[in-house]
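Shown next as structure tokens: one chain only, the form predicted alone.
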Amino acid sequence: MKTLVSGASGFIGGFLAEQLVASGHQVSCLVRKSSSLQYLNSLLVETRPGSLEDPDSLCAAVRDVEVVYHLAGVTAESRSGDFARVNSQGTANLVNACLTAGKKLKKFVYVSSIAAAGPAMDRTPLREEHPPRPLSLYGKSKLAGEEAAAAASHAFSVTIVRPPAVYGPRDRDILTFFKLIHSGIKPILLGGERYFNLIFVKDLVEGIALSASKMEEGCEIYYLSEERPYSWTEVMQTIESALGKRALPLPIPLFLLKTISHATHFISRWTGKSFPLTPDKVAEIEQRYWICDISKARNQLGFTAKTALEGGFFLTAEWYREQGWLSS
């Protein structure tokens, strides 16, 4: 089957491209001029130049494909309006290109985020039928992308996937915590225990590919995650175990994170450089329950995450060491 993957040069997209090639699909990857091809050069894929902000390039990219996997987007703003410009309008541009030029298109899979739904109110996990309540500009932009995709479901089958926190080899977000614990520091967030679901990247891409095989009419949404949520304490302890380290707990009050985030936000506006800790991100960190129910994906797609956190963190730590991402 002819497929197009946007965001294939990124963390999740690169693993998805590998999964699709291994499954025998004919894979094309939408890449910008600035995209790194480090993990694509060894794959039998075609690269197609294009940008979510250039509708003409998107029409050329989707012209002969049967399935589009849309993962491209931004998770941090270097310029004000990046979220709206790329995640919202960029997704709408790709959807419009599919409607205009995707004459063979049968399926559009949009990889969104749990941030589009917002946090759970309590220990009751989020389900797909719950009304979305995104907190952050990022979450709101992903929800707008979902709406753009769903609006095209009269023309082709649409699936929206909402993963929670994703980790694994090549990921630089959770690397921060591995580095801290490797150096002997274990961050402990004050203000009460927090719970969230996670998923190992290879389990996620299997679920994404599985969701594309269901050619239902209209639009369906699925949470893809490991079955059970984890507490912040469990996650930090599991990183310790994966690294074979015992780190000194460092309590971190939320007001400190807020202060730092406002400072980096100011610097970002002046320099154009994005920082992972923003006021929006702190607003999400404050929430106690980023948890979801995967029963719909299990029942309708036959999806189960094979990798428990302990094994996934061990594999991740091993890869970080092999690549020299953790200092000795």
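All values derive from a computational prediction rather than experimental measurement. Throughout, we count residues from 1 along the sequence that is shown.
Note that the form predicted together with a small molecule isn't included here; everything after this is about it.
Taking the shortest heavy atom distance, is L52 within 4.5 Å of the small molecule in the model of the complex?
Yes.
Flag P163 as yes or no: does it have a non-hydrogen atom within 4.5 angstroms of any non-hydrogen atom of the small molecule in the model of the complex?
Close contact exists here: in the model of the complex, P163 approaches the small molecule to within 4.5 Å, heavy atoms only.
May I ask you to check whether G312 falls inside a 4.5 Å heavy atom distance of the small molecule in the model of the complex?
No - in the model of the complex, heavy atoms of G312 and the small molecule never come within 4.5 Å of each other.
With the partner left out here, check for me: in the model of the complex, does some heavy atom of F11 sit within 4.5 Å of the small molecule?
Answer yes; at least one heavy atom of F11 falls within 4.5 Å of the small molecule in the model of the complex.
Determine which one of 123 to 131, 234 to 242, 254 to 262, 105 to 113 lies within 4.5 Å of the small molecule in the model of the complex, judging by heavy atom distances; exactly one does.
Only one stretch qualifies here: 105 to 113.
Note which of A152, A92, I221, V86 lies within 4.5 Å of the small molecule in the model of the complex, where distance is taken over heavy atoms; exactly one does.
Among A152, A92, I221, V86, a heavy atom within 4.5 Å of the small molecule in the model of the complex occurs only for V86.
Let me know the one among S295, Q287, Q26, S35 whose heavy atoms come within 4.5 Å of the small molecule in the model of the complex, would you?
Exactly one listed residue reaches within 4.5 Å, namely S35.
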